[in-house]
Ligand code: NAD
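Only one chain is shown below, in structure tokens, and it's the form predicted on its own.
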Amino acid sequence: MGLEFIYSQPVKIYFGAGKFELLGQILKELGLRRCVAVCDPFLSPRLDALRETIPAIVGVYADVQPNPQLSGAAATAALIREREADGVVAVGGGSTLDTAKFAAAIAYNGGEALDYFRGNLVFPLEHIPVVTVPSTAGTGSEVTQVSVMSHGTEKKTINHPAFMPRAAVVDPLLTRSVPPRATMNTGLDALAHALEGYWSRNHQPISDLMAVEAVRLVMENLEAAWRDGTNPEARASMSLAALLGGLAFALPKTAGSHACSYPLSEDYGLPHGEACAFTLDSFVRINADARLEELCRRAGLRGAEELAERIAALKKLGGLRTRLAELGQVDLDKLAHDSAVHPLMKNNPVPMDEAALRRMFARLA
């Protein structure tokens, strides 16, 4: 009788092989007539070819950086205003989706991107609609109101309703060209989203259900997708896992692994997925009592220890870094401090202060 929660998910989701080829029809269905497209540089030729059949695309920004910079979002917003666009299409990985969402929010009201980034201007609740088309299976950004943006070495995770996409077009065929290492990085990012959404202090029943299914799908399909990127069943299952992982953490938010990922990325250059995976098996053991036995049972695993071992094995298989010694000279005190003070650490079910995090990282030396 004491159970209470609020669940909201306004994104219309189009899922299935070949949905990308229906993009023009989907834009028409959504009532979008003049769209700026944002895409990863290597996807630009494919998008240019698609533009011939989609007159609604009136401009393309294709200079997104792997860790998206504020300058890219500002340039995209300028292009949106210049072309008088009524919609934005984002085709690519998490960096592209986050750039498009930030740009669409600030293009609506105007103002300098840095003022929004620093909090001097407030994002408007109204924003230019964004249609997200993920080309990787991991980020979950296609269904969240989160944008991770950097200004030089300053990196922020900004959560605001202005970033919520209008629709997501999830086509597993787009992920076939993702290289094995990136497949592993993004797949473990999806797993981190699901696990952290599940054990977050803010978890709720609907998000829990999606988290459990996402964990099961990753455990059963990530290795197969890594070994053979053309495997249609594995790719489709990983795209679904990434989508469900995004839905699983969208409301509860992530926790310890993601908090630690920020200094690991900023100071030591780890890609986001690899940075989240770096501590994920450690946090599985730390958070083992946070209903993990139930999750493991429902996901086909014997328990938290097997889950942690499977994660470690996947990292090794994918060639990901797992020891601090592999990162060069590490300032252990700073790493522990920066992880401890990150706001996401407050969502971890087991309190982790600076001393506890230093002990955890020391075991990974």
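Quick note: we count residues from 1 along the sequence shown, nothing fancier. Quick caveat: nothing in here was measured; it's all calculated off a predicted structure.
There is another form of the same protein, the form predicted in complex with the ligand; it is not shown, and what comes next is about it.
In the predicted complex, at least one heavy atom of Asp40 sits within 4.5 Å of a heavy atom of the ligand. When contacts are judged by a 4.5 Å heavy atom cut-off, Ser207 does not count as touching the ligand in the predicted complex. Contact check for His272: a heavy atom falls within 4.5 Å of the ligand in the predicted complex.
The closest non-hydrogen atom of Asp189 lies within 4.5 Å of the ligand in the predicted complex. For the candidate spot formed by Ser339, Asn348 and Arg358, no residue has a non-hydrogen atom within 4.5 angstroms of the ligand in the predicted complex. Stretch-level contact check against the ligand in the predicted complex with heavy atoms at 4.5 Å: of 136-144, 287-295, 208-216, 75-83, the positive one is 136-144. When the ligand is considered in the predicted complex, only one residue from Met164, Ala236, Val148, Leu251 comes within 4.5 Å through any heavy atom, namely Val148. For the options Gly319, Gly300, Gly31, Pro66, the one in contact with the ligand in the predicted complex, meaning a heavy atom within 4.5 Å, is Pro66. Along 177-210, residues Ser177, Val178, Pro179, Thr186, Asp189, His193 each place a heavy atom within 4.5 Å of the ligand in the predicted complex.
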